[in-house]
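Coming up is one lone chain in structure tokens, specifically the form predicted alone.
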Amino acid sequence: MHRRGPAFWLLTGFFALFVLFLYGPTITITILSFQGPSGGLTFPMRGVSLHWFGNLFEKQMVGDFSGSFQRSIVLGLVTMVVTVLVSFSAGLAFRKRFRGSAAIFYLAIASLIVPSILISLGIGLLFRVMGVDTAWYSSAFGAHLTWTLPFGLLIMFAVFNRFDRRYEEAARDLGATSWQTVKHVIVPILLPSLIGVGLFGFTLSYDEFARSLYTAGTFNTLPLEIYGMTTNVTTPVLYALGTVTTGLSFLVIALALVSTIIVRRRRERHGSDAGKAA
């Protein structure tokens, strides 16, 4: 029997500490959110109930749970759709070299290097100079795209780099137009990757704090609302809100994974739509 050396146990311990550091705070908040009506913000727990989850849907003296939650959901969905469409279109366009393509590429991913707080501050100042009020649906939307689009572009560039263009040539030989080729050949083949880009776009926007700080305007997104409430709310209702938002994030990830599995099984069972282009 092969004996494991010290390096294995050292790396195992490091990984265990990493997992504990990553998920420990989330698990702690989840447990504390189920406290009874007299519960506080620390252990030991005082009873077990769903009281604080019900309190989320009641009118709060401090904070706007439902409004900020709805704004973050809408902003995340719109950002997701735009990120997928632009990334996919850019992936198609960058398959051929054109004048200025390198400059456009580096400009697009430059926002990954610039600190997020500077991006937020710059966009906020720009809107003030133009005399336009910042808002979650305008300036914050643009700020979130500076974060999600570079990731989407890099993913789609890597996907298209592995894409076999003989599928397109075969479709054109069979009389398919450019639009039919995209709709019935390229999109079905790349659909799992597009789902992944959409997942990135939604989760990055939904959880974004720094780029929303100076661009959200009068009405906060959920991360800003949670941050503002940490200095005012002294009940486990804040933990309940964190549990709900974390659960939603995991739900989105699960839906994306299930969608990818369904697409792959459908393709294995029935094939793609490439033969139906005509």
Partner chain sequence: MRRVDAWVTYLQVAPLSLVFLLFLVVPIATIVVVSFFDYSTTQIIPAFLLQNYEELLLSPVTWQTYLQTLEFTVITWALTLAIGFTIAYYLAFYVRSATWQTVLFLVCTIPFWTSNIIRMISWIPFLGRNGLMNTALLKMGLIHEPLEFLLFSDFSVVLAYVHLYTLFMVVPIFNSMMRIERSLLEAARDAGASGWQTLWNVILPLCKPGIAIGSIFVVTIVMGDFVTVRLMSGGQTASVGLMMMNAMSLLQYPAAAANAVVLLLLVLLTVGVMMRLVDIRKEL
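In this text, rigid core is short for the largest set of C-alphas that superpose within 1.5 Å between two forms. Keep in mind that this is a model prediction, so the values were computed, not measured. Residue numbers count along the first chain shown, from 1.
Keep in mind the form predicted together with its partner chain is missing from the figure; the text below concerns it.
Engineer: Would all three of P25, T42 and P150 be in contact with its partner chain in the predicted complex, where contact means some heavy atom lies within 4.5 Å?
Structural biologist: Yes, the whole candidate spot contacts its partner chain.
Engineer: Only one of S111, Q180, T134, S193 has a non-hydrogen atom within 4.5 angstroms of its partner chain in the predicted complex; which is it?
Structural biologist: Contact check passes for S111.
Engineer: Let me know the one among V74, A170, V81, L154 whose heavy atoms come within 4.5 Å of its partner chain in the predicted complex, would you?
Structural biologist: By the 4.5 Å criterion, the partner-contacting residue is L154.
Engineer: Check P115 for me: does it contact its partner chain in the predicted complex (non-hydrogen atoms, 4.5 angstroms)?
Structural biologist: It does: once its partner chain is placed as it appears in the predicted complex, P115 has a heavy atom within 4.5 Å of it.
Engineer: So, I226 and its partner chain: in the predicted complex, are they within 4.5 Å at any heavy atom pair?
Structural biologist: Looking in the predicted complex, residue contacts with its partner chain include I226, since a heavy atom lies within 4.5 Å.
Engineer: Is there any non-hydrogen atom of L92 lying within 4.5 Å of its partner chain in the predicted complex?
Structural biologist: Contact check for L92: yes, within 4.5 Å of its partner chain in the predicted complex.
Engineer: Would L213 count as touching its partner chain in the predicted complex under a 4.5 Å heavy atom rule?
Structural biologist: Output for L213 is yes: heavy atoms within 4.5 Å of its partner chain.
Engineer: What residues, if any, in 4 to 22 have a non-hydrogen atom within 4.5 angstroms of its partner chain in the predicted complex?
Structural biologist: Result: R4, A7, F8, L11, T12, F14, F15, F18, V19, F21, L22.
Engineer: Answer yes if the CA of L17 moves 2 Å or more between this form and the one not shown after aligning the rigid core, and no otherwise.
Structural biologist: Yes: L17 shifts by at least 2 Å between this form and the one not shown.
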